[in-house]
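A lone chain, given as structure tokens: the form predicted alone.
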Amino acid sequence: MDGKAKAIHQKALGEYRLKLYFIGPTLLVLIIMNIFPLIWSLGLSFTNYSSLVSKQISFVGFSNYSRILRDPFIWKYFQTTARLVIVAVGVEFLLGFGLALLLKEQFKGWGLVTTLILVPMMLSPVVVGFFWTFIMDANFGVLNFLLSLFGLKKVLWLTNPHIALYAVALVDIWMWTPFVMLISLTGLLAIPKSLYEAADIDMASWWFKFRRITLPLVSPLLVLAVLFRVIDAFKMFDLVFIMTGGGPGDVTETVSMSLYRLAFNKFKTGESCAMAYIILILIIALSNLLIRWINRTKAA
């Protein structure tokens, strides 16, 4: 190696070390904060460890996973969660995409209207939960007051077992429809106007333009929005905990609520870790299905 090549090599080596000095601490923090808890909780899921009872930790194999999968109540909570996700995300998709279609054409005050619509998703779920708990209160809530103005009967929004789950879904819809609208609007505004102008020259109808131009080009972003919302709604804990606490009875008990009770009420730490990994595997499987669908849509 001659002198010039050696100098270039030394310079490249110095730049590499400089990058390593900057990235190294961040990588170390990420490993400590993210990777280590995952590995540690995975190990605990194969033990009988309890954070409350001081007894010798022993390896129990897959018995925690087996016990959870054989528990009929867990499957009931999964069904409750699935019902909540389907109702909430389905309505959020329709409302969010509809709002985005309305806001696609800019008008006077467009920025203010769009900003006001986005406000709910900027609030903390805990604040939103308390806020709507007061609004839906059976005795002095605003909703029942408005119903009484039209001569309608009082509704037990959070204590009627036939309504409570849908009341929680309503609040989730209020909070997260703006998120779907925002992603949909981003996709709609990115569509080249020349495509619509060409369709106008051919005297194409509104429905033809929507079916052949708008929907195919915006569908990957729509699926992405649904994917994010499904993952988030599947983990929903804050709203349910604040508004109903899983009740009345257990009609609004989601898997996240059940996981919380298992870990912090019953203190079955090993079993709760196993349940967390079952939920994680289900979410990953569902996400993979949606991502494959996105890739097939792009390929088409």
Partner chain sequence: MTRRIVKGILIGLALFFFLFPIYWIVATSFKQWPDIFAIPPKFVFTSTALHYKALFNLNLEEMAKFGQAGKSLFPPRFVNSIIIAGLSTLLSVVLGTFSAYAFSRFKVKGEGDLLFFILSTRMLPPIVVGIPFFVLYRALRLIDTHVGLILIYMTFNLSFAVWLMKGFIDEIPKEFEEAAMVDGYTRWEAFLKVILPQALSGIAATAVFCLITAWNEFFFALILTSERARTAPPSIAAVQGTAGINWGQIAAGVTVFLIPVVVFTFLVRKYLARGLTFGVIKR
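Nothing here was measured: the structure is a model prediction, and the numbers come from that model. Numbering follows the first chain given and starts at 1.
Keep in mind that the form predicted in complex with the partner chain is missing from the display, and what follows is about it.
Just one listed stretch, out of 95-103, 159-167, 194-202, 73-81, contacts the partner chain in the predicted complex at the 4.5 Å heavy atom level, and that stretch is 95-103. Checking 86, 223, 147, 113 for any heavy atom within 4.5 Å of the partner chain in the predicted complex turns up a single hit: 113. Put simply, residue 62 is far from the partner chain in the predicted complex: not one heavy atom of it is within 4.5 Å. For the chain shown alone, residue 127 is a contact residue for the partner chain in the predicted complex, at least one non-hydrogen atom being within 4.5 angstroms.
Remark: residue 272 counts among the residues lining the partner chain in the predicted complex, judged by a heavy atom distance of 4.5 Å or less. Contact check for residue 215: every heavy atom lies farther than 4.5 Å from the partner chain in the predicted complex. Contacts to the partner chain in the predicted complex (heavy atom within 4.5 Å) from stretch 30-54: 30, 31, 33, 34, 35, 36, 37, 38, 40, 41, 44, 49, 51.
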